[in-house]
Each structure stands twice: as C-alpha cells, then as structure tokens.
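You are given structure tokens for the same protein chain in two forms, set apart as structure 1 and structure 2.
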Structure 1
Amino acid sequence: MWRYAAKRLIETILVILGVTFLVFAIFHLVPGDPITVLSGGRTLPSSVETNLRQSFGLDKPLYLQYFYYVKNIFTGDLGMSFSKNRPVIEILKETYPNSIRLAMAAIMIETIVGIGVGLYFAVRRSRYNDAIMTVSTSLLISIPVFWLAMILQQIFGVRLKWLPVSGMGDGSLRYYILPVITLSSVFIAYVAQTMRSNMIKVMGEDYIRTARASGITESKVIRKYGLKNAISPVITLIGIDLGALMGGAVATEVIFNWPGIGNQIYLAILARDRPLVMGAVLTLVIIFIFINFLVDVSYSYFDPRIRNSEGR
C-alpha cells in the first residue's frame, strides 16, 4: 500500500506543477492589461505605470514571471488582489471556511441519503420501486441547480417565510438548509444510482449464493458480504464529489449569496481581479487533486486487487 501511495503522491505533485503552468498561461493569454484594470480604465502617467508594473513584476519576461509565481506559491504567497488591495491568501482564508462548512454538510447528506436510498432500492427490487428510483434520480439530475435553488427560495423563503433565502447570517442551521439541499441534490442521485447498480451486481455473485446456502441470515449477507464489496466505487464517487464541493459550487453560492470561495471567484471575475481569480482557481484545483489522491489510496485499501496489481 505504501508503494502505491508513494507512486500516487509523485504523480500528484507532477499534476500540480502542470496545473500551475496551465493556470498561469490561460490567464496571461486572456485579453486585457492588468494595469488598465487596476487603474479603472484611466490613463496613468508613464512613471506611475512603470512603478506599478515593477511592483507587480509585470515588467519581467513571462518565463521569469512564471518562475517567481511558482516560487511564491510554495511560500504561500498568491499575490495581491487588484480590487481589494489585500493579499489573496488572506481573502481565501476568510472565505474558504464557509465553503468547507457548506461542503461538509452537503457531503453528509449525500452519503447518508444516497447510500441509504440506493441500498434500499437494490434490496427491495420490484417494477414499482425500479420505476420510482429511475424517475426520481433522473429528475434530480436533469433539474438545473440554479432553477432548483430559486424554486426553493420562492417556496420556503418568500411564500412560506420558513427559511432565509440569502447570506449566512449568524451561521445557524436555518441558513444552511436551502443551500445544502440545492448543493447535494444532484450528487444524491448519482450516489444512489451507483450504490443500487453495484449492490444488485454484487448480490448476484456466486459467493453471495454460497453464503445464503450456508444458512447465514439475509441481513448479515447484505451487511457483511454485499455492502462491503459494493461500496468501494461509491467511496470513489463521494471522494470526487467532496473535491468538487470543497471547491465551492459557484452557482449555489452566488444564488444564495453565500460568502464562500465560489462566490468570491464570481465577484473577482466581474472585477477582472486576475491575482484573486488565479489564486482561488489554483487553490481549488490543488485541493481537488489532493482529495483524489486520498481517495485513490483509500480505494487501494478497500480493494486489495489494486495493491497487488501495482506490486506486480
């Protein structure tokens, strides 16, 4: 397992270095001069413009800018925000915990409801149940997130006045309910579908029939032999979802005015704040890659075939 983890760690570091290059290249190929954005479109005196370019390192060749960019990343320096005139890392420290809280709440709902629903409809198979499962999950997947969010706001916030429709307020549970439901709805459908199909496949295996023939109770067969072998792909899916959720769902955070990193990226794009957008995007990508690394290692723990294949 450790050999497999070391190999994945080296691959992860190489991917992160490649991502830094892509992020740097994409944002420097986008039309527009950062100094023009910083000045608000006004024409600056040549001396002031020269000083600004030197202070932000924009007077150096691109390869040197990239070198210092990577060097600063490893020291925790993501640059200064043009629109806020503050270090990007400070802005991310303020907004990212809010996205983490929202993501963890959504992933808990996704895991409990998704696995529970998928397991139930796999064990209780019938034409009626299969139809309910297919229609409900297809409906959740096909509904646009922004539309679902506005419908929830209209029903529970505007008409019934049960729940707040915007902001984080005092951080109480009431402010989490609508964003969490919106954020987890699509992922619940995917997890339920994956859990159901895997469980149906596993319950048809020969060793399940052998366990039943040996007199083991059905509940123990499901729990000890079925669930354990069917849940590995679901763990991978949940891990990938966690990476996406930790990255902040932009649409959900913008619609609910949630003070997270997704909303911050949206505002930074409107302000054309290149350092803030680059720092936020790079942070999201690194976290997503790191979570995938942890998922790969955990998957090798649950499935010994992966460790054995790597060893060979």
Structure 2
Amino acid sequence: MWRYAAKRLIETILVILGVTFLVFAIFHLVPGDPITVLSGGRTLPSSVETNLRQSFGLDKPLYLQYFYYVKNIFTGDLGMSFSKNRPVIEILKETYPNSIRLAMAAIMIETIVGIGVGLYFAVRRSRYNDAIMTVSTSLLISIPVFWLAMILQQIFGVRLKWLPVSGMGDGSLRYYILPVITLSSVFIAYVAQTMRSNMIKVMGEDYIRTARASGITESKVIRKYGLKNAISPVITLIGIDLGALMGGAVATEVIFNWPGIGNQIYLAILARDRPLVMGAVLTLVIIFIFINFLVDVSYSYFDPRIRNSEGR
C-alpha cells in the first residue's frame, strides 16, 4: 500500500513538473518577447515591466528562469492580473469555492440519478427499455454541454420563467438547479451505462441463482448480492469525474454566469489577461492531476488487485 502510494506520488510530481516545463517551453517558443506575449500587445507602465522582468528572471539563463518559474508557482506567486490589478492567487481563492460547491452538487446528483437509472434499466429489461436507454445515453454523451445549458435556459428561464437564467443570486437552491443538471448530464449517462451493464453481468452469475434458489426475495437479491458486486466500477467512474469537476467547469460556468473560477478564466481570455489565464488554468491542471493521484491511491486501499498489478 505505502509502496504503491509512494511510487504514484513520485510519478505525480514528475508529471506536474512536466506540465510546468511544457507551459514554460511553449511560453518561450511563441515568437516575440515573453513580456509582450504576456501583456497581449498592450503597453505596460515601465515599472510594471521591470517588475515582471525581474520576477521571471528574464536576464538570467534559461534553466534559472525555469527554476524561478516553478518556485513562483509552488510558493503561490502566480503573478498579477492585468485586468484586475490584483494577484492571481487572490482571485483564485475568491472564486474557487463557488466552483467546488457546484462540483459537489453535480457529483451528488450524478451518483444518485446515474445509479438509480442504471439499476432500473438493468432489472426491467425489454426491447423497448433497452432502446430508450441507448438513445438517451448516446444523446446525453454527445450533446455539447453549453448547448444543453442554452436550451434549458430557453425552456425553464425564458419561456416558463420557473428558474433564474444565470448567476448565483443569494446562493439558494433555485440558482443551482440548471447549472447542476448541465454539469452532471454527461456523467449521469456514463454512470447509468456502467451501472446497467455491470448489473446485468452480475445478475447472470451463479451466486445470484443460488441466492434466488434459496428463497431470498428478489429485491433483497438485487440489493444485497447484485448491487454490492456491481457497484465498484461505478465508484471508479465517479472518482474520475471528481478530478474532472475539481478542474472546473468552464463552459457551464460561462453560460450560467456562475461566479466561479471557470467563468473568471473566460473573462480573462476576453480581456487578454494572460497571467490570469495561465495562472488559473495551470493551478486547475495541477489540482486535477493531484486529485487523480488521491483517487488512485484510495482505490488501491479498497482493491488490493490494483496495487499488485504492474500493468500500467
């Protein structure tokens, strides 16, 4: 267990360093002076420019510049946002909690709805139900989330006027409904699909037949013998999505004007505020990689087969 965790930790650190190196390399490969690239072509006050040159160590050799760059990232110095004239890290601290709230609500909904729907269609099988399942999951997986969001807004916000179209308002439940449906749609489909196909496989096993033969009620067979054995890949899937959602949901936040980090990134792109974009996205990528590491290690705790298999 600990050996596996240590091995994965080292891998994770190497990958994170690799990502920072990649960003650093692209930043310097883009034609033009790095400061001009950063400022998006606008003229900066000379004091700001000197400051920037110093913090990036642009007068030093490249390997030192990379060292400074990594050091700055890990000490939380992500630079100054041009459009807001504030440190990037402050903006992150302010908006990230709102994104996490949305992500947690989405995880909850996709777990409950996905497992429920998957179970239902696994137990009640018929030609008709199978077709409904295929069509609806393919639709949810293929639909661009931001388009789904626009349609939901059009129906429930503009036409029916039941729910607020955008923003977080006072943070009450009404404001969460449409963004959470949007954000969880794809994984409701994935969870339901996985749950259904696993459940069908498990319900064909010999021990299920034995349980039925010994006179246990069907609902107990499903709950105790079926569900318990079929659910572990579903948990894995939800773990994957946890990482993805913690990395922010840019498109959903933009459409609903949700005051989270994704929306902030979008506004920074529009304002050509490169330090904010680079700092925020890089932080999210690192968080994403790190959460995946935690999820991996926690599986190995629950499922010894993972840590013992060397196959990558």
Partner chain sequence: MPKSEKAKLMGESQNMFNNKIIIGTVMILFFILFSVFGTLIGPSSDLSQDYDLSLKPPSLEHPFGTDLLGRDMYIRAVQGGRISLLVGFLSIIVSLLVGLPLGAIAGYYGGWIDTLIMRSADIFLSMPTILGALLIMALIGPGLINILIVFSMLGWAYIARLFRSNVISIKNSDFILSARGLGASGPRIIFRHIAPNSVGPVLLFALMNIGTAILAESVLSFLGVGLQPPVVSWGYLLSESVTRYMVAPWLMYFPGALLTLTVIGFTLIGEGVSSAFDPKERYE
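Numbering for residues begins at 1 and runs along the sequence of structure 1. Owing to the predicted nature of the structure, the values given are computational and were not obtained by experimental measurement. Basically, rigid core = biggest C-alpha set you can superpose within 1.5 Å across the two forms.
Identity of the form predicted in complex with its partner chain among structures 1 and 2
Here the form predicted in complex with its partner chain corresponds to structure 2.
I216 C-alpha relocation of at least 2 Å between structure 1 and structure 2, rigid core basis:
Shift of 2 Å or more: yes.
Is the C-alpha displacement of F24 equal to or greater than 2 Å between structure 1 and structure 2 once the rigid core has been superposed?
Yes: F24 shifts by at least 2 Å between structure 1 and structure 2.
Flag for N129, CA shift 2 Å or larger between structure 1 and structure 2 after aligning core:
Yes, the C-alpha position differs by at least 2 Å between structure 1 and structure 2.
Aligning on the rigid core, what is the distance the CA of E205 moves between structure 1 and structure 2, in angstrom?
After core superposition, the C-alpha of E205 moves 4.5 Å between structure 1 and structure 2.
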